[in-house]
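Here we start with a single chain on its own, the form predicted on its own, put down as structure tokens.
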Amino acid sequence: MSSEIVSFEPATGEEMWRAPVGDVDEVVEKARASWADWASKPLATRIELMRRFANEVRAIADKLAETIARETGKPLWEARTEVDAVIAKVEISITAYAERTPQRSFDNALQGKAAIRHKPHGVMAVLGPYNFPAHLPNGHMIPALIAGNCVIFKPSEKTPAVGEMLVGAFHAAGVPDGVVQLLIGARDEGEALVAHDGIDGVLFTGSAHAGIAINRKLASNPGKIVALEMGGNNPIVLWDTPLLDDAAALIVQSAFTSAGQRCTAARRLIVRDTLYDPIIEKLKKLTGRIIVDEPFADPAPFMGPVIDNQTADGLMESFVYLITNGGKAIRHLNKPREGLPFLTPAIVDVTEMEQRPDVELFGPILQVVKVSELDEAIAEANRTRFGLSASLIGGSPADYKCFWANIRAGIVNWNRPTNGASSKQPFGGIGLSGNHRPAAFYAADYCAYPVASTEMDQPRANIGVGLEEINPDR
């Protein structure tokens, strides 16, 4: 077990941050001691502090974007959009809390008044990913704090510097130190935090493998709320359309934005056979123009590196597996810079593969399957244990109606990318993509629980049946 966590810049390999591993028991004890006071504060106070947090993020926006770009390797323009999403999440979460968890009361005749209110769970563990190290954990943290929970945030060990800045902005806004805490650590600390008796809920974003492990760990403890945002083997289906340049752009955006390191990235292109040759030609030309470079390069790159060399090497092995087991390389996955995790976008036709692997290849690899009928395309799209995002490009309104009705996914789009979901909508999937607790606008649902009450100003009751008559002689 390492005594400290060190973060390296993917684009340069240089060290950029280090800190000692945190003490799980210590942060949980501090959170539990802080919770009662935080939960008792008026909702308006908690909301005001979240708005102050948004202002703090605005004040450090450039520095935060630079840190995100350096620590993840994503282009600076993309890091800036992530910072914008962190700020926007506050007002979206305020609206969502009012809409999803309102107080209600109604007259219950002789039973008095019936009321519905919501309570926070207590101390929530937020486990964040490396691909969106600010936006995705923030999407759990803001709703949890508005609801009155305390938060212990363990960032990915690959992006702790961003996590430190995020928590620092909460503290600068006036949120008490014990209400939002940073826990630096790796797998051991994450497992200890999840299993800790002082944790009332686990809000996780990451791989299916890690999410399943959390689910197993807590299967015998139904008292802990668990929200799992996991990955996807997402399909994008291309059907009848004359707008193939637009279709190619949507496919490239879906598959290769963030170097393919998005849970909603398109992993599989399922294309009608009559469109196969022309769309492949356009994809080859468009992907050939993609700039892969370091985050601050000029001209700005479309893609940066993947997160580290271990990830890059694993993707290279996966690519080799595909082309040695029936796949046909349309564009090869190359590693253009020795010793650094830059990868060029790859396209592989896997139509002839007998056993197509149902895994999430978290990087810039797009697999292509050729079909002849829409029903066949939908069946192929559904041939996965995941169910996060799916898109239909082209087709008629009737085709989309059929696609929407039969596809297994929590996000279903038409003539839009598989990625780029709005925080004003629910975000989540089925199967290995989630546990039916969507985030984004619906995060309020798992950050507070409903309490039903019947209430009268004075006790009034009688028992009208089943009692012996009163005998005055007794």
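In this text, residue numbers run from 1 along the sequence as written. Bear in mind that the values here come from a model prediction, so they are computed numbers and not experimental data.
Missing here is the form predicted in complex with nicotinamide-adenine-dinucleotide; even so, the following discussion is about that form.
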Legend entry - Touches nicotinamide-adenine-dinucleotide in the predicted bound form: residue 229 (any heavy atom, 4.5 Å): yes
Inset, instruction - Report yes if any heavy atom of residue 165 sits within 4.5 Å of a heavy atom of nicotinamide-adenine-dinucleotide in the predicted bound form; otherwise report no. - result: no
Legend entry - 4.5 Å heavy atom contact, residue 204 and nicotinamide-adenine-dinucleotide in the predicted bound form: yes
Inset, instruction - Indicate whether residue 259 is a 4.5 Å heavy atom neighbour of nicotinamide-adenine-dinucleotide in the predicted bound form. - result: no
Inset, instruction - Let me know the one among 138, 156, 93, 389 whose heavy atoms come within 4.5 Å of nicotinamide-adenine-dinucleotide in the predicted bound form, would you? - result: 156
Inset, instruction - Name the single residue among 130, 302, 319, 342 that comes within 4.5 Å of nicotinamide-adenine-dinucleotide in the predicted bound form, judging by heavy atoms. - result: 130
Legend entry - Site test, 194, 214 and 362 vs nicotinamide-adenine-dinucleotide in the predicted bound form, non-hydrogen atom cutoff 4.5 Å: yes
Inset, instruction - Specify the contacting stretch among 328 to 336, 71 to 79, 398 to 406, 180 to 188, defined as having any heavy atom within 4.5 Å of nicotinamide-adenine-dinucleotide in the predicted bound form. - result: 180 to 188
Inset, instruction - Could you list which residues of 276 to 299 come within 4.5 Å of nicotinamide-adenine-dinucleotide in the predicted bound form, counting heavy atoms only? - result: none
